[in-house]
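In the block that follows, a single chain appears as structure tokens, in the form predicted on its own.
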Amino acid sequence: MRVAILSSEAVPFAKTGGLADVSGALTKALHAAGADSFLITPLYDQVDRGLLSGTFIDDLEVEWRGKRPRIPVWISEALNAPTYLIDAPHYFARGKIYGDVDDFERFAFFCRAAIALLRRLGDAPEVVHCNDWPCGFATVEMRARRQQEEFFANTRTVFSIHNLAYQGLFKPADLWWLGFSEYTSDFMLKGTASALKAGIIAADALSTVSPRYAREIQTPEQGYGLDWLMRARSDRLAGIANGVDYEIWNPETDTDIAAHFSLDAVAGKRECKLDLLRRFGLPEELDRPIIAIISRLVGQKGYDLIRQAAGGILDAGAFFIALGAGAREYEDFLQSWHDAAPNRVGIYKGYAGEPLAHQIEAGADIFLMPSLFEPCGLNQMYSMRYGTVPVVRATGGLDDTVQSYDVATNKGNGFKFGPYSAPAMLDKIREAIYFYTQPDIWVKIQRNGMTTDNSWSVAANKYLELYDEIAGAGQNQVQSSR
């Protein structure tokens, strides 16, 4: 099975969120499972050039706006599977991945270049796996190329929705010079053009990042105006929970943390906790639980609840540590909370890179994810691996991956609450802290989490089954047409 994965971001090259973790880890996991997988992603100016093996080609011709520019493509083996990086400084050397008014143009060019590159890489892939709205353009174009070019006759597409709320909207008038005017109806959504909608319509199969989220996006509450389309294509939709790359997220080998620890030797976690307290300038009170959160500072992540419950969280006896950047109102809230309780609240506003995230996961006792919605979530799975107990709202992938602890059976790896309310969240925080004060029970909860198998090998096999299904259907269709 030859699989091309297209993504606007991927670890270890560039990252803003979970999409990058997934794209890099899935490429590697598919390769380990025996697939001929490779990744195509932009070469941003922030990519560490030390990860690159060299120039793969320096003359990739891309049909673009009536011209045929030639651009370099770099190659990296950092994932133990080939990664090809599209080098177009005009679009990708901007110091950031998203946030410009011409984002739709930037990623339409990336998709066009990625498809041009496929013709230079030998045999056509059986599957092109496109991720989120930046790759919606590629899904539409691959559908057209399959009908027009023998080279792509057997190629099928999977389109993965990582967050339906981000839809890649732009002016419909721009479709003609991007080369998609023929497919205007696929893009149109309430008077604007949506790359996400077009990708959903054009794909042979759809996936999203957890079974529950696959159901939730078919409802008006979480469908963001596309629930009707998700219901219409539900027979093509698979919910496959993301995994964890245990080569990167492993407390036994993690080079970013103060001390290593494992299921059978957890003493190092206490050293990691001490290190974390020192990093945030908090008192070295090792018996006081640390509640941590790492996320974008946006409403989706539950910061409204945290703001409402701030006093109750500290009254429960915990430290609170937050890492993230985003909306000014939440940054201001965290700063004021820290200023009011500098010995209890530690904050880092911004993106500090992966090491600090690893240090927080290793040193915290409780990881809080009170999301309004959460397609999958990764930090709850990272937390379990590091013996940090998650407290989450029962939505999306959080509900799929966290099982509430049951004292009668000693089963469960965390704590879940249902209603999106500060009192419901506080109740579960208090319950978690209560069991934290009972070390024998707390160790059992930690062990339950550390032994949960959230590896990418499980998810990769499910994706391979999906690829096999659509690739086989595609071959049968081509043979019957002949």
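Each residue number is its position in the shown sequence, starting from 1. Predicted model, so just to flag it, every value in this text is computed and none were measured.
This protein has a second form, the form predicted together with a small molecule, left out of what is shown; the following refers to that one.
TODO: Please pick, from Arg146, His260, Arg112, His162, the one residue with any non-hydrogen atom lying within 4.5 angstroms of the small molecule in the predicted complex.
DONE: Contact check passes for His162.
- [ ] Could you work out which of Arg393, Lys269, Lys301, Arg156 is the residue within 4.5 angstroms of the small molecule in the predicted complex, going by heavy atoms?
- [x] In short, Lys301.
Open item on the list: So in the predicted complex, is the small molecule close enough to Asn242 to count as touching (4.5 Å, heavy atoms)?
Closed with: Yes, Asn242 lies within 4.5 Å of the small molecule in the predicted complex.
Task: in the predicted complex, Leu19 touching the small molecule (heavy atom, 4.5 Å) - done: So Leu19 counts as contacting the small molecule.
Task: Heavy atom of Arg296 within 4.5 Å of the small molecule in the predicted complex - done: Close contact exists here: in the predicted complex, Arg296 approaches the small molecule to within 4.5 Å, heavy atoms only.
TODO: Using a 4.5 Å heavy atom cut-off, state whether Ile321 contacts the small molecule in the predicted complex.
DONE: No, Ile321 stays farther than 4.5 Å from the small molecule in the predicted complex.
Open item on the list: Partner absent here, but in the predicted complex, which of 305 to 313, 372 to 380, 170 to 178, 188 to 196 has residues with a heavy atom within 4.5 Å of the small molecule?
Closed with: Result for this chain: 372 to 380.
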